[in-house]
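Next comes just one chain, in structure tokens: the form predicted alone.
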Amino acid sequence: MSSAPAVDSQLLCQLEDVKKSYPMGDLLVQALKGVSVGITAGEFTAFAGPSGSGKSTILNLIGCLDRPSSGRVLLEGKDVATLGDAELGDLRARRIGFIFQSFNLIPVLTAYENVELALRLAGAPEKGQREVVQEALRSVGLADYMTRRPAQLSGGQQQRVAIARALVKKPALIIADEPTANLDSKNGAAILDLMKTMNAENRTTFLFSTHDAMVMERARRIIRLADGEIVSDDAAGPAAAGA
């Protein structure tokens, strides 16, 4: 077996020979089998593969939502295994944005309040918060929908709120787990194009887990997984050529 790669301080995040197992009854299921990969700042990258391939597990580890069974996960040069729960929570709140297929908006809060909550959890100063939240919602085309609750918004609009919520704290990294799964093709394409624009304008790193062809068509890099292992890691054709 080859040795794990050395730490590269230029990488935003890095996995070194990472293994992850989950108990399932009397069995131990190995979700990742020694994965090593690095992500540089500004990437627009898709982890692709069938269900059970390990793509969501990788994003959970990079997003500090889970810990590896062995190996190392480094984020901005820090080994996340050395951080306590409070430190991990603070890191997630300040440096990582999440976009989920189910939107995960708080139903009793308006679009404005959902985005504002993310800013408060990140510990942002209160002065200027209103302008920052309003600008985040304007940037995703929801200037006229700030006072609406999730039930009053379409699926595409809800996902736009989720994008604004992820972007408002200006994170280094946004993790998008199957972000188009609950959208029709038109709204899915519009949401992906919006995220591509945000990536280009702000240099925010986007990492996707997906099996959606629309995501892979727009990604600059596609990392394919099967049975807990990386089977290919390639620039993604036309999207990469235009990077």
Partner chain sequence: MTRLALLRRARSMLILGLAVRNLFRNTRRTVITSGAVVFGVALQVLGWGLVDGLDDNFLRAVSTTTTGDILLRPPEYPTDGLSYPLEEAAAPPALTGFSGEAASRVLFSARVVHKADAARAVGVAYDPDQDYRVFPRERWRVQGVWPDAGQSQVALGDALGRLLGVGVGDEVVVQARTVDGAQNALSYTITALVHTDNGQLDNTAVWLRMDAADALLQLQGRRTHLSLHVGTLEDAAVVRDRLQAAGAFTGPDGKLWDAKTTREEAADMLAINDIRRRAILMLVGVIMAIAATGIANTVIMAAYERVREIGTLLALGMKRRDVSLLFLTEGAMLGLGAGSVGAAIGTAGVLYWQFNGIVLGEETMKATGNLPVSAIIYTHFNWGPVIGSLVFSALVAIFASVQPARFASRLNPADAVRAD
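Positions refer to the first chain, counted from 1. Computed from a predicted structure; not experimentally measured.
Not on display, but discussed next: the form predicted together with the partner chain.
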| query | finding |
| --- | --- |
| G38, E43 and G52 each touching the partner chain in the model of the complex (heavy atom, 4.5 Å) | no |
| Residue among N199, S69, N187, N60 with a heavy atom within 4.5 Å of the partner chain in the model of the complex | N60 |
| Among the candidates A81, A86, A143, A151, the residue which, in the model of the complex, approaches the partner chain to within 4.5 Å (heavy atoms) | A86 |
| Residue contact check: S102 to the partner chain in the model of the complex, 4.5 Å heavy atom | yes |
| L65 within 4.5 Å of the partner chain in the model of the complex, heavy atoms | yes |
| 4.5 Å heavy atom contact, T180 and the partner chain in the model of the complex | no |
| 4.5 Å heavy atom contact, K169 and the partner chain in the model of the complex | yes |
| Partner-proximal stretch of 190 to 198, 52 to 60, 214 to 222, 29 to 37 relative to the partner chain in the model of the complex, 4.5 angstroms, heavy atom | 52 to 60 |
